[in-house]
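Read on for two forms of one protein chain; each stands alone as structure tokens, with the labels structure 1 and structure 2.
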Structure 1
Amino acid sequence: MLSKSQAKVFFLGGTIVTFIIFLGLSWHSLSSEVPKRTHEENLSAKVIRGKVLWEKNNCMGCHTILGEGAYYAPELTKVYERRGEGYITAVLTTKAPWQPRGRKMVAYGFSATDAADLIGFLKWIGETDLNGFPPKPAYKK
């Protein structure tokens, strides 16, 4: 029968071994995969300013990006490809609340430069290799 000290070894041993594997895999991902998959060479000052704005206004509080965030407004990872620059600029700069089908977005009324930075961020993130996410709708005619 299992003794208390054996149970303790199971806990400590299991934790240490899995944590070391986790650190190793993380190191591998961050050092060699992320720079290529996210096209880190395209991470310009403009894109970074866009990310700052993205966080400053808690866009993730309604939308998702990389599938992460809230489920009140559309997933935006591929929005640049889906809607294009003109549409997104209109949404970001309008002073009247944007409300498709009655669901309101905060009227941020961004300046043209801020909107361009945010679009730079969305364009950059849209080019990330996400292992096939978001999926293509199989039954779409």
Structure 2
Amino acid sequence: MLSKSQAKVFFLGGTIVTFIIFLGLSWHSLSSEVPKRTHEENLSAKVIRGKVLWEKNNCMGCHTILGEGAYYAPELTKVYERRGEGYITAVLTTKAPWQPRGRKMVAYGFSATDAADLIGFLKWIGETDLNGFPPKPAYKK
């Protein structure tokens, strides 16, 4: 059994060691892993303008991206891979609201330039290494 002072030393020592390990792992992730997985070299002005449009139009109010956002509309992390540029352009530039599978999509009527910027952002997000997220559904054959 530990005395009160020994328990304090044990607790503080364990806390300090764990905190140092946490700092080391955080530094490793932020300095080497994140840039490698996100492909920072592919960030362009187009991608950044697309991100600004994404935030300005509150797309996360309905959609999720990288697992974050609302769950009303589909996850868009890998939408470029699933649907392709033509489909996404048609959705973003349409002037009429539509209801895929009963969910109402607002008709933003983006210009071709704005749609290209958003597509660039979605393509960049889709190329991010996410360790297998989102998982592919296991369809029954």
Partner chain sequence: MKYKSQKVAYWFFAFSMLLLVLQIIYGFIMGFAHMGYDGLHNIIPFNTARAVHTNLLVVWLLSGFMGAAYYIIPEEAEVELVNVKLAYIQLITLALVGVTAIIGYHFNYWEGRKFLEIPRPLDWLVVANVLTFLGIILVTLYKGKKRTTTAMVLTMGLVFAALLYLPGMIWFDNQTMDSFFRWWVVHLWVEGVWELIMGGILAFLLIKITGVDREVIEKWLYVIVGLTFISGILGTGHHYYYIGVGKVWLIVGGIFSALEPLAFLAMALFAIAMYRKGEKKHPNKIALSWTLGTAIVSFVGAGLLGLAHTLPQVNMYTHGTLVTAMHGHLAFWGAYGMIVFSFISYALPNLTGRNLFDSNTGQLAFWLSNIGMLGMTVAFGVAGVAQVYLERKVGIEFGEVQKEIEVHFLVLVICATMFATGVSLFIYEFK
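Here the structure is a predicted model, which means the values were calculated and not measured. Heads up, when I say rigid core I mean the largest set of C-alphas that superpose within 1.5 Å between the two forms. Here, residue number means position along structure 1's sequence, counting from 1.
- Both panels show the same chain in isolation, but it is structure 1 that comes from the form predicted together with the partner chain.
- The two forms, fitted on their core, place the C-alpha of V17 6.8 Å apart, compared between structure 1 and structure 2.
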